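Given as structure tokens, the chain that follows is alone and in the form predicted on its own.
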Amino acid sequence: MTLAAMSSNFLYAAFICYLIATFVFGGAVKGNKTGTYNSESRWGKTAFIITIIGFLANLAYFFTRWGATGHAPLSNMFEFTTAFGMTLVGGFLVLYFLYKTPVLGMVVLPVALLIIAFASMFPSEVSPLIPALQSNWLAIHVSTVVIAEGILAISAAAGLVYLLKVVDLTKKSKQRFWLEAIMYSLVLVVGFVAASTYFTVTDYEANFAYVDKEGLDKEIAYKMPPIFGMNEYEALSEGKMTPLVEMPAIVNASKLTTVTWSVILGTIIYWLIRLVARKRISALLKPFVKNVNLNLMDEIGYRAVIIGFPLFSLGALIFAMIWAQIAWSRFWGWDPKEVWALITWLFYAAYLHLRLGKGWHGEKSAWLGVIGFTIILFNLVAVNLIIAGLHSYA
């Protein structure tokens, strides 16, 4: 068995462990009357052990793929996103060891599962690095960023638990609307997986010629029916759907099409859940947080930010600018990825200012934690997939 095949098996094992641990943590929460871990709870102990096994399998995937590729597996969407899921679980394990909060596992592990499932829809073949990534700074810069984002995501998980506890879902309010919007956005990831799986199984492919933003003639293969067309596109495949709208060269219309199909199917899935359950998704989850210690959730969210923010500053700004100077002979170039890294950094700087200087604790802090994770996801999905730039290879 090759290292590449072994790495895939390890990732699959990690996914299964996280899935099992999610349900076991649910049992720990149901049998817990205080919202914190009970040393006598076999559910909590079992869930923690299963999660550790899954994380070790995740680490085994990471290092066997490193051996198979000859470089840190952080060079494309599949590799980066699987690493993101791994660091999210790793951050959770550290905080769980410190705070013993099974309810946090019920949020973190499903999100990690969605992230890994999202990653699995991208090409996972082992391929040589493009010249721009052939540097030791790949491991230094990207690994620091992915660890930081995994830790910052814990803040959002704690914030979400806090909001599920305090937001009154029986009354119409902005808080209720936005809390359900968060649930809807998570279901959209399921929509992406469903859309990618369906069109992969049906072996859909449509080829087009187009002109990129540099004015060069190129070709692209759509893996889903093209809703949006590339700049000055020309169909190369017969009998395929014609794009409804032509996009400018700065937009990757193929990936925008993928996102659009994900939204369409995700919305259908969301409303099917609503129709079957006859209630909002947030209302389905609320019984699991009735015994949550709000002060503990607030503290976990804050501590995740004060750990993750310096790491993000180091990886996404300082290391990134050093590598940019080496690779492109400039520290800063207003590339979309650079701009959104700066926006993310400014947001978390504002979070700390508002919390430490303005006393934004509790619900306000929880909303900020969730918004911060939304910005990270926008950077991961929209900026990487839709907007063309120097980081488009990632």
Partner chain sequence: MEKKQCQCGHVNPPGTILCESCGRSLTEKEQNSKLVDMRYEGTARRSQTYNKSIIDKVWNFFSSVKVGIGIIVALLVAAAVGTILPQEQYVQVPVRNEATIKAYYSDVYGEVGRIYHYLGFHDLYSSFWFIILVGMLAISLIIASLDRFVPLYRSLKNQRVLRHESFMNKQRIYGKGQAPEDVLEKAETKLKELKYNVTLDKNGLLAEKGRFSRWGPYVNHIGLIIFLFGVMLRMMPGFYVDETLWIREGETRAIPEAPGYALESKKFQLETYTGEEKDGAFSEAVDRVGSVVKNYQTDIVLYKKAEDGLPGEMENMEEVKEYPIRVNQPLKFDGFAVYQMDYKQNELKAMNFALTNKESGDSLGELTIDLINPEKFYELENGATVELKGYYPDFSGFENGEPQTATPLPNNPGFLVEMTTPETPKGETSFILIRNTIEPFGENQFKLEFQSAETRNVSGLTVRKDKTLPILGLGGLIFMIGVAQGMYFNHRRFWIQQKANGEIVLAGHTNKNWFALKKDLDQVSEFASLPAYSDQQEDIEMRMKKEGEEAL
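Positions refer to the first chain, counted from 1. No experiment lies behind these values; they were computed from the predicted model shown.
Not on display, but discussed next: the form predicted together with the partner chain.
Looking at 190-198, 297-305, 272-280, 113-121, which stretch has residues with any non-hydrogen atom within 4.5 Å of the partner chain in the predicted bound form?
Partner-contacting stretch among the options: 297-305.
Is residue 135 close enough to the partner chain in the predicted bound form to count, meaning some heavy atom within 4.5 Å?
Yes, residue 135 lies within 4.5 Å of the partner chain in the predicted bound form.
Even though the partner isn't displayed, in the predicted bound form is residue 318 close enough to the partner chain, meaning a heavy atom within 4.5 Å?
Within the cut-off, so yes.
Is residue 286 a contact residue for the partner chain in the predicted bound form, using a 4.5 Å heavy atom cut-off?
Close contact is absent here: in the predicted bound form, residue 286 is far from the partner chain, nothing within 4.5 Å, heavy atoms only.
I'd like to know if residue 175 sits close to the partner chain in the predicted bound form, meaning any non-hydrogen atom pair within 4.5 angstroms.
Residue 175: no contact with the partner chain in the predicted bound form.
Just give me the single entry in 30, 42, 364, 353 that has a non-hydrogen atom within 4.5 angstroms of the partner chain in the predicted bound form.
Exactly one listed residue reaches within 4.5 Å, namely 353.
Which residues in 100-114 have a heavy atom within 4.5 Å of the partner chain in the predicted bound form?
Result: empty, none.
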